[in-house]
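The chain below stands alone and is given as structure tokens, in the form predicted alone.
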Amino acid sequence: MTTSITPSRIIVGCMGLGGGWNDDPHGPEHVDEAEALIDTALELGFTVFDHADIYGRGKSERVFGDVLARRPDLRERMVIQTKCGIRIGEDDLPNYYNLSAEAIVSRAEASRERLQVETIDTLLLHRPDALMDPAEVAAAFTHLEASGTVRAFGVSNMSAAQIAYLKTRVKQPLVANQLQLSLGHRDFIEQGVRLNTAGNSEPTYPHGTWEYCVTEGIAVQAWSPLDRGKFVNGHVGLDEGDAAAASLIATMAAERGVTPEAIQLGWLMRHPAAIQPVTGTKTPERLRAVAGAEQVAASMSYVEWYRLWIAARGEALP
């Protein structure tokens, strides 16, 4: 990781940059859009920028790299993270995963070229590959580290068991696990209270994953932490639990003089896993809306946190 930079708790997701998810070339307006987002993020103290090789079919990384080529001084003010492992529209398949050594190395090197940087600060494995061989991953990480292509490594969408499996051969510390966590995607906490209860289905989130990450010093990052804005963009079409949560979020935001976005991210950040939300916006205005989340997390009481959770789940706890 860039040693002179303090990584921010809130991570700037760059998935929306570069135009559509197609093969159309990006234009100068997309570079300007990326530059405006970067400037706003740094102004707010957000220093970590999250990418993936598939975002915008590579255009998200490309426009970000164009900004850095235009203003190389920005590089020393940020931490750049990207991901690899998902293949979309290749080999006559809609999508599949490939975490072979050759695939990891080639995709990381391609990301570095698009980003126009000497070194990627953090590389995450985007999704678990059913054919994942820890020895292959270890070989790739060792090569990328030795060549100076990548400084640090992590995973995304992996359970505790999958991470432990990787660590049987991977010697580098795994510094992060990026998961879908939010008030609307609550299985990371539901799995802890549904155990040994009657009448409740087992949640899909693997039990013990965030606890394992905390124990092992692996940062927990949250993708889609605002649930595509469903709690903050009006209540139309929401089910009873979601509508109740949206109403409560709006009330709490008004009482504190902050945005609903800050309340929702603050709820996540109040959790003892020290969750790091990854924003999904490409507009400076929406990025500014989350700026108060850390202060909300610091001031949110037990009762307020549980009130939001219970409202969202639509029923009392067991």
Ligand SMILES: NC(=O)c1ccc[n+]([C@@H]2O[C@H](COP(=O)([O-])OP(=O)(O)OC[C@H]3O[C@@H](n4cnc5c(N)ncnc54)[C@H](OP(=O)(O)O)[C@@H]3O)[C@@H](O)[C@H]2O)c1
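The first residue of the sequence shown is number 1, and the count goes up from there. Because the structure is a prediction, the values reported are computed rather than measured.
We do not show the form predicted together with the named molecule, though everything after this point is about it.
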### Message
For the interface check, one of 271-279, 245-253, 66-74, 22-30 should have non-hydrogen atoms within 4.5 Å of the named molecule in the predicted bound form; which one?
### Response
271-279
### Summary
Answer key: of 109, 227, 145, 187, within 4.5 Å of the named molecule in the predicted bound form (heavy atoms) is 227
## Note on the structure
Checking 98, 157, 149, 172 against the named molecule in the predicted bound form, the residue with a non-hydrogen atom inside 4.5 angstroms turns out to be 157
### Message
Please determine whether residue 50 contacts the named molecule in the predicted bound form, using a 4.5 Å cut-off between heavy atoms.
### Response
yes
### Query
If you check in the predicted bound form, is residue 55 within 4.5 Å of the named molecule, heavy atoms only?
yes
### Message
Is residue 18 part of the interface with the named molecule in the predicted bound form - any heavy atom within 4.5 Å?
### Response
no
### Query
Closest heavy atom of residue 288 to the named molecule in the predicted bound form, within 4.5 Å or not?
no
### Task
Just give me the residues of 8-23, first to last, that have a heavy atom within 4.5 Å of the named molecule in the predicted bound form.
13, 14, 15
